[in-house]
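Next up: just one chain, as structure tokens, the form predicted alone.
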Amino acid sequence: MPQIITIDPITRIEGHLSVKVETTNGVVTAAYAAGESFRGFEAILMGRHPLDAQQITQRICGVCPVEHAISSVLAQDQAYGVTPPTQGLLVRNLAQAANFIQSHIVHFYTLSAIDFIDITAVLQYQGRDAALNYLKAWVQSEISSNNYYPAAPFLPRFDGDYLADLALNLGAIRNYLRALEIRSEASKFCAMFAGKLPHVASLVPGGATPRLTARQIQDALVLIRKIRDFIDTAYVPDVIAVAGGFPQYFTYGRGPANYLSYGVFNENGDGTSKLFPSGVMLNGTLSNLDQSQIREYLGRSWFSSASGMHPYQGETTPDTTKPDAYSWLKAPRYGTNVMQVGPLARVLVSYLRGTNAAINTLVPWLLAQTGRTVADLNSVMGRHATRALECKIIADRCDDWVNALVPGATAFSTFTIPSSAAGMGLTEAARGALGHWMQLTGGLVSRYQCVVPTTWNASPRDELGQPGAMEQSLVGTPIASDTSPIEAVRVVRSFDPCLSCAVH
């Protein structure tokens, strides 16, 4: 009989996620990921003025509000037939890029790295760094009190299960503290273009509202170069160090070899050129995205709405009594295919496209540094590593975008809201493919559907019995301790799940 291990809640993620795994002889044979709340943003938008949409949908998430605003205004751009001017595209790109950067840095250092770094290594620190000495005293106090300290909130110390090298641990611990400062700088950078954070004011259909001064542009350059330095000297090297210390995690966490990217960061007005292109990989074959193939299945979800619908026809009707349901997440599929989305998908699609010079250079560099193949990136460490490379590529491109800004230039085009229209906004959030589909009737929202990254990755089973990507990636993971299943949690966190988005 398989043993059942329930991890509820998964900590150090956004929102409420429960994961149940079945193990046989200490190896996961089946997994079930459950979103545990319902929020109803799609219902809230019904009957609202469409210009409310980019403000309301931002409240889906405090981590990626900019991306929801972008997706909403892209849908409205299409519905209203308006194209942003170049300055508006740059402002949108910079705000969205800053949100990606801060999210990636927080995910690695604050949420995931302390699964691999030995915080007790700071007890051996003998230097004069005030921050490390403060942390050293705090760790000593926590250990003396017999409390589990936040580096491992539910785990005892496993010998050999953290980085063994003292210098690498101390360097990563110091960078953990630096990451808090850099996250703040990235948020400042975002607010220069978005007006404020976490929920932004400047992103509108037709572009964006700021008229930037030369001083603001210069200040932005100073900030992005500080951020780039941290990514180059801390983030990327720390990810490579962790990957070297945990080679087995290039074999754990393999999900379906299907990847979906909508593409992100428009380089021209009609969106045909993007920093990260759109595309679909099915079992290693790359094809163009066909958004008509997107479906949401509800067989094991707590909804009574019709299943298998395209978002333009989708509805959101909760049903807490539905038999065999176990999650508040719907199950998005590309046709009937389970897909992975996120940095791994974006990097792989871009690498196969061959259109991004930085990715063409950095992916072979990463594989040489880790001694791995492209196929090995479908793993826990592959997700962490591609996220770090993407962060570098985005930050480097921000420097170019800031230099292309023109002080005082208008960043939006005027538009008229039609009585009846439809539009979709396809973009990427830090965690993966994000789409908003909107319909207007009588000048008001008559249907609004969102399909968000973690809904793709952490979806439940569908009518065909296919587990979601995260559920599939847990299968085959060895679990050393039934009471402290750190291996399973590492797999889950590699997706950077956001359940607040997924149960929108």
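On a predicted model such as this, the values are computed, not experimentally measured, just so you know. The numbering used is simple: start at 1 and walk along the sequence shown.
Below: the form predicted together with a small molecule, not depicted.
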query: Three-residue site L90, I217 and C398 fully in contact with the small molecule in the model of the complex at 4.5 Å by heavy atom; finding: no
query: Any non-hydrogen atom of A430 within 4.5 angstroms of the small molecule in the model of the complex; finding: yes
query: The small molecule contact in the model of the complex: L45, any heavy atom under 4.5 Å; finding: no
query: Heavy atom of A33 within 4.5 Å of the small molecule in the model of the complex; finding: no
query: 4.5 angstroms heavy atom contact with the small molecule in the model of the complex for V475; finding: no
query: Listed range touching the small molecule, judged in the model of the complex by heavy atoms within 4.5 Å, from 22-30, 64-72, 464-472, 441-449; finding: 64-72
query: In the model of the complex, the residue from A194, L434, A98, V380 that sits within 4.5 Å of the small molecule by heavy atoms; finding: L434
